[in-house]
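Here's a solo chain for you in C-alpha cells, the form predicted alone.
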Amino acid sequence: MKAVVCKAFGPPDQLVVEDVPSPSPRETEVKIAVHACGVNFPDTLIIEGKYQFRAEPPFTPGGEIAGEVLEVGERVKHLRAGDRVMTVVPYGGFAEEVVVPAMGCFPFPKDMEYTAAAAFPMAYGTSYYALNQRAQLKKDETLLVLGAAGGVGLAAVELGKCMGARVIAAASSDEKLEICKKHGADEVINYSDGKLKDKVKALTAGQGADVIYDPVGGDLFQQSLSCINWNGRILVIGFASGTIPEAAVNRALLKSCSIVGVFWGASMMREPQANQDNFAQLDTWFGEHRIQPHVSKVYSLDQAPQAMLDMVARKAIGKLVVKVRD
C-alpha cells in the first residue's frame, strides 16, 4: 500500500510517498481503508519532533481519519467489515490503510461524505469538549474565538451559536472574517493591527468576553488577559503562532478569571462516556444542519506534503483534507 513516510525529523518537503507493508489488526483493533484524512497543525509539529509526544521515524503522519472498516480484531464486537467510521490517532493516517484502536472509532451520519468526516472529529471534538466540559459556556454569554477561520476556530464559532452564546470571531484578514460570518459569527474583529483587546472591549461595553477560545497563543493570549470579563475563562487550545506564552498570574487574580487547559486527546481516554455523549450531540446538530465542516481544499495522497506546507504557511481557511481514495 502507499503511504506518506517521515524518515527523519524535518519540514514537510522532506516527506516521501512510497509503498509500505499493509498492517494487521491486533485483537482490540480494526484495519481501515482510509478514504480521507484531515490535515492539522499538530501534524506539522510531529514530523519535526516538536510535539508534546514524539514519534520515532520512520512513521506516517496524519491523525484525523475517515474510512471503511476492512478487518476487525477477534475481541471487537461493536464494529464489523464495511462500517463507515471516523477516528483520531496520533499518526498513521496519510496512508491507504491504517490500524487503529476499535474503541476510538465513531460511525458517522449516512449523509456525511468521507471528506467532511475527515474534517470533523478533531475540530468539533476539541471545540465541544472545550466549550462544554472545560468552559461550561452558558446561554447568552459572550464567546470570543481567536484564529476563528481555522478548523477548530470555525467549529467553535458554530458550536458557540448552537449553545446560545453571542459569538465574536477574530482573525487576521477580512477574507477570513467573511467565512466566519457565514458560519454564524455575530460580530467580527480583524486583529492584524494588534488592537484585539481594544476592539473586544468596544464590543462588550468595556466588560470583555466571558469565554475566550485561544488556539493561537503568543501576543493574542497576552491581550486576552486584558479583555476577559470578571469570572471569565480563557481556554488554552494550542499555539499556532509558534510562541507558548507565559502568564503574569496577578492579571488572573485581578479579573478573578480562570486559565483553562484543553487536552481533548487525553480526555478521550480518561472520560470515554463524556466523549461519546459529546459526539451524540454533535451528530444531532449535524443532522439539523447547524454545523458543517468548511473544507477549503482537497489534496491527493501524493500531494500530502504540499498540504502540510500550506498548513505551515497558514493558507488554510477551515480544513484541508487529503483524499486517499474515491
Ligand SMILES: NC(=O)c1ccc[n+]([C@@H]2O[C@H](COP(=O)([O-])OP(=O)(O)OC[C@H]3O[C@@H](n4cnc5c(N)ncnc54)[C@H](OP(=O)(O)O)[C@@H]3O)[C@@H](O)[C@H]2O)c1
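Just count from 1 along the sequence shown to find any residue number. Source: prediction; values computed, not measured.
The same protein also exists as the form predicted together with this ligand; that form is not shown, yet it is the one meant from here on.
Note on contacts: among Leu196, Ala116, Ala102, Ile237, the single residue with a heavy atom within 4.5 Å of this ligand in the model of the complex is Ile237. Against this ligand in the model of the complex, the set Pro12, Ala36 and Pro305 makes no contact: no member has a heavy atom within 4.5 Å. Partner contact region in the model of the complex: 40 to 48, out of 278 to 286, 40 to 48, 297 to 305, 65 to 73, criterion any non-hydrogen atom within 4.5 Å of this ligand. Taking the partner from the other structure, this ligand in the model of the complex has no heavy atom within 4.5 Å of any heavy atom of Ile168. Tyr191 belongs to the set of residues with a heavy atom inside 4.5 Å of this ligand in the model of the complex. Looking at Gly232, you'd find every heavy atom of it more than 4.5 angstroms from this ligand in the model of the complex. When contacts are judged by a 4.5 Å heavy atom cut-off, Val152 counts as touching this ligand in the model of the complex. Scanning 112 to 137 for heavy atoms within 4.5 Å of this ligand in the model of the complex gives Met122, Thr126 in sequence order.
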